[in-house]
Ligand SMILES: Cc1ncc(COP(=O)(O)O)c(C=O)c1O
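Just the one chain here, the form predicted alone, laid out as structure tokens.
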């Protein structure tokens, strides 16, 4: 009887998952998503289902393996106000880059001392507003930025952005910002002479960094700058190691515990034992806590190619797919008879640029079928626009 009842329940479920599906995302998160779908009569897609408990577990793990680490969530990864509110209630800070991000934290009454800004090139309006709000720590990597900070945030504490290798990162960040060691030293000295308070340096190994050696290269280079700055009379006390921790999209990645063990060992070897360590996780905090639920809105065969259209695309949620991020998909109907074949997955807009992925394995898709896009909690909604009139998906907590 119990077996019969279980079979009936399975038939009611919109997704019949395999053990392999649970290898791509934490079981509890995916189970919450599936339960929500099964209990909801009509799902208005696309929506981002978000597991706040998973996010909080991530927040407590990140930095736990590095002595004296102070964690600042990179708001750009997901600036949903409800997500920020939940994070504001635990012991971490926030890293921001604009007056828009500042306004959200101000709405939540986050104190200025819990906020830093590591954008090396900021608008004068943002600098002024942040300084007035109580933000005291600013990144820089040019003389022009020193001039702005002197004018709009006098005597603030500053840390210089050092350029470091980004090989092995799926979203490199090494070209737009940062300077080499000698230039960084010169800027620290100039900042001090201009009346600012130079306290250290920052770097970024690249977002979704799957190469653990990047942190070693970066820290060795940072150690050289640190020694030169101390010799030049700069009171160095802050090492900001940025973000870059990877999450699982389509394959396994190096674990946070292993990355932090390596980082901690290097810091102890290369730097004084009483300095402050700042870090700015974004993707690793929220990425694998979110799952997009989307609907198939069309399919077609064109010139021998199979096209599947869904109601979220690069413009209203999946912009990172253009830059090389590959997602994992679970499609409704995988249990149907028939063979898997390769499909080009594309969004709903009338722009041919709106292509999410190629060679996605699907059985014959049906209009109305749901597709889950895993680990979609980071850099999806913040990038999204309402281009072509398609709405930005709402966030629903599960």
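What you see is a predicted model, and the numbers here were worked out from it, not measured in a lab. Positions refer to the first chain, counted from 1.
Same protein, other form: the form predicted in complex with the named molecule, not shown, and the subject of what follows.
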*asked:* Counting any non-hydrogen atom inside 4.5 Å, which residue from 104, 221, 76, 192 sits next to the named molecule in the model of the complex?
replied: 76
*Using heavy atoms only and a 4.5 Å cut-off, determine which of 313, 244, 200, 290 is in contact with the named molecule in the model of the complex.*
244
*Okay, which stretch from 274-282, 79-87, 129-137, 256-264 lines the named molecule in the model of the complex, with non-hydrogen atoms inside 4.5 Å?*
274-282
*Is there a heavy atom of residue 208 no more than 4.5 Å from a heavy atom of the named molecule in the model of the complex?*
yes
*Taking heavy atoms and a 4.5 Å cut-off, does residue 122 contact the named molecule in the model of the complex?*
no
*Is there a heavy atom of residue 118 no more than 4.5 Å from a heavy atom of the named molecule in the model of the complex?*
yes
*Across 78-95, which residues bring a heavy atom to within 4.5 Å of the named molecule in the model of the complex?*
95
